[in-house]
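A single chain, nothing else alongside it, follows as structure tokens in the form predicted on its own.
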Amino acid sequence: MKINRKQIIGSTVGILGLIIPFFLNINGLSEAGHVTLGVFFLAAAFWMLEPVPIYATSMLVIFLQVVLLSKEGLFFHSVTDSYTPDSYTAFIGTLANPIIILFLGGFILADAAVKYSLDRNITRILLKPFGTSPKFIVLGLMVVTAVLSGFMSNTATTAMMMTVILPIIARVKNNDPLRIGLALSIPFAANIGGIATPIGTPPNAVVLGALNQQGITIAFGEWMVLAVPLVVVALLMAWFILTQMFKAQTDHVEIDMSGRFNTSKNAILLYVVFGITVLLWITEKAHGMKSAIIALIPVVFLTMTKVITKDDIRKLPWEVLWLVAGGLSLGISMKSTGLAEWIIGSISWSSFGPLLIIIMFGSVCLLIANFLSHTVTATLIVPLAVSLATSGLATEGFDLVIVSIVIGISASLAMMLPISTPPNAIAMSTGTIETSQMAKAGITIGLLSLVLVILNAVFYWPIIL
């Protein structure tokens, strides 16, 4: 395996970040907190510079915490401060966290939908009402993408929808800006649509997992009540911006709407399980069954009936689950060793009002997530918000739930660059758009969407929560 300069730099920075805190004596930070600070530095460096895959970094984070911070590990025997270590089961147990199970159920449903062409048939049906006008075709594609992205991964949705729009782009003249608008509409709609449900995108899982650890539960339907109005407005705004920035030079585009639903026994079983699962998720408040428990329905019944086979299970994006689990694990040690509280305590929060805190967290997330993974950004910042709430340093009016949601959603709205998110990278791979065009549209939509998030956090979400 050839090692490039980026891997060497990333590995060096990460290893130094891990080691240096062992030799420091930071006032107010426990001995175990120094160790956690090293793990945090290593994770941040590895996640940002990617000398190893980001899911491998999460595995390493869990391993280091088990070895260095658990009471069954190595570090506990030399502890001289008042830190009471967690059992190693607290760290590896994040792999069975309810949020992980919720996502697993979502992955199973999405994989089955692709296998039996449910996603394509939904696309075909939902696109029909939008006719042949270019601007309404763009709107239809964005609506379909956003709806699918609420229940499938953003990346899978974008990959599937790109196969839908490439024939459409081929029908448009090379010099028509509509080609750019079409290519950008899919990744932007996927990023926005993923916000709508708890299983839509990993940052949502990071937020819900962190809140669960604080004894705060947001039901599947409650999250949708909070997020869907924002998604609708942001999607319409993104559509308007794209159609104005890249105005079509034609007034008519034909789309092939042929196709039919799969009527095999397995496909029908999928339709039934899919419908029951989504219905139970949306009505969680009415029947009281937790969304993670409901997520086991497709896991169990689609595998028992062989709708999903072992080969399908092997192809699931397990790396995403490891990434989220590693973030949850890091949050545990940051809280229990006092590191997060120490970081928060180093800032004079008394000078910030609740609104300024919301703006600050949202802006930082939007900025960083353009250069880091959306999930990594939420993973690094959500624990700081949790610590701000638990430390008592927050000003009156600080709401942990609202700030955490702001962080998760703001991270998902970062879509300025091809590296910002996999859907953007997939769109760039078509060769239809340039980075400058993506940046121009992405930063405009991102900033305006952040304003929408702040308005929701101030005026709408407090009414619901």
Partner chain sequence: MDHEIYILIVEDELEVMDAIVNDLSEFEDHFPIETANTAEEAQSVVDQIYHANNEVGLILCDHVLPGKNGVDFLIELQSHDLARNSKKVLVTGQAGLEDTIQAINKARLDHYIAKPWTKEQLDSVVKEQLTNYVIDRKYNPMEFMAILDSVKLAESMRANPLTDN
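Remember, it's a predicted structure, so these values are computed and weren't measured experimentally. Numbering follows the first chain given and starts at 1.
Although not depicted, the form predicted together with the partner chain is the subject of the following passage.
For the options V225, A159, M237, I282, the one in contact with the partner chain in the predicted bound form, meaning a heavy atom within 4.5 Å, is A159.
Residue-level contacts in the predicted bound form: of G259, G288, P167, P129, one residue has a heavy atom within 4.5 Å of the partner chain, and it is P167. For the partner chain in the predicted bound form, the listed stretch (227-235, 94-102, 325-333, 108-116) containing residues with heavy atoms inside 4.5 Å is 108-116.
For the candidate spot formed by Q214, L384 and S387, no residue has a non-hydrogen atom within 4.5 angstroms of the partner chain in the predicted bound form. Using a 4.5 angstroms threshold between heavy atoms, P422 counts as touching the partner chain in the predicted bound form. Interface residue remark: T163 is counted as part of the site for the partner chain in the predicted bound form, having a heavy atom within 4.5 Å.
For T430, a non-hydrogen atom is located within 4.5 Å of the partner chain in the predicted bound form, even though that partner is not displayed. Shown alone here, T145 lies farther than 4.5 Å from the partner chain in the predicted bound form, counting heavy atoms only.
Residues of 180-214 placing a heavy atom within 4.5 Å of the partner chain in the predicted bound form, in sequence order: G200, T201, P202.
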